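Only one chain comes next, encoded as structure tokens, the form predicted alone.
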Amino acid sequence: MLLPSAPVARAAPTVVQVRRERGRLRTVLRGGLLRPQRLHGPPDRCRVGLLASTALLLGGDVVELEVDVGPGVTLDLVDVAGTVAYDGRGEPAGWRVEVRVADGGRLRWAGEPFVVADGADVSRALLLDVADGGRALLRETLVLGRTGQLGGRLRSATTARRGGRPVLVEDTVLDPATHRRLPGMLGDLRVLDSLLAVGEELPDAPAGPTGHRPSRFALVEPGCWLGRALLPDLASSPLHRWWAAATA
């Protein structure tokens, strides 16, 4: 996994585990830099909210989250708020997520925006393992810079597997000091809004408020998709509608 190699302070990983035992949903929730909280929801699924337990994300922070969805369980993860990676004053920060979804399990996670402010140096890593009979739908929204900013350095790595077979391996480095703003790259675009579906059908992409229609890529395994929009701002994203259609 891609994490800063320099020695940085770490808290214990945040853990979210959900199982079905004797017909009832059982959860194991353990807090780290993120605090998981079970939310009210319908009886056929478990809803868990994630809330920062301290000011995040500062230089030296490494957030680690482990999610385990058991057989026959549906888990809705909810970010209570977005995250801003602040100027680390020379120190990098990390964000690492590992997700496992068992046979018959289902995860839906509409992540809130992750904003990389000027001066931040962040490595994000997502490892998603979905069993052949499992399903997962995740939204990831990366925003380069706060209003009026260019944004800091971001390295974002995603590995998604289904039944142990890779369906998506992506490693992106977006550095404002090098190639990020060159022609053919992002230019002045600041938002990368993505939907990752493993074992889930992704409907046709709707147009956004400005008429922009995102790209929809079929991955190497049937029933696996990547949807993505590159945008100047989050308000114009068509993924709000797309997520609603995919989860209706």
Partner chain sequence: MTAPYLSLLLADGRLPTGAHTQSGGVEPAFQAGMPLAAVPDYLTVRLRTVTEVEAATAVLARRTWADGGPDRVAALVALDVAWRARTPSDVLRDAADLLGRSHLRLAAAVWDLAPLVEARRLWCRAVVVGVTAAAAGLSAAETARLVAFDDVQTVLAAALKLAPFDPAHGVAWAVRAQPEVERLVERVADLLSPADLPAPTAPLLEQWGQQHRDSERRLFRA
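These numbers were taken from a predicted model, which means no experiment stands behind them. Positions refer to the first chain, counted from 1.
Unshown form predicted in complex with the partner chain; subsequent notes refer to it.
Contact annotation for the candidate site: E21, R30 and L75 all lie away from the partner chain in the model of the complex (no heavy atom within 4.5 Å). Contact annotation: the partner chain lies within 4.5 Å of heavy atoms from the stretch 209-217 in the model of the complex, the single such stretch among 209-217, 64-72, 22-30, 36-44. In the model of the complex, the partner chain lies within 4.5 Å of some heavy atom of R228. The partner chain in the model of the complex comes within 4.5 Å of no heavy atom belonging to D87. Though the partner is left out of this view, P203 does not reach within 4.5 Å of the partner chain in the model of the complex, counting heavy atoms only. At the 4.5 Å threshold, heavy atoms of A110 stay clear of the partner chain in the model of the complex, well away from it. With the partner omitted from this view, the residue of A52, L189, V48, L58 that lies near the partner chain in the model of the complex is L189 [heavy atom within 4.5 Å]. Annotation for 170-186: interface residues with the partner chain in the model of the complex are E170, D171, T172, T178, H179, L182, P183, G184, M185, L186 [heavy atom within 4.5 Å].
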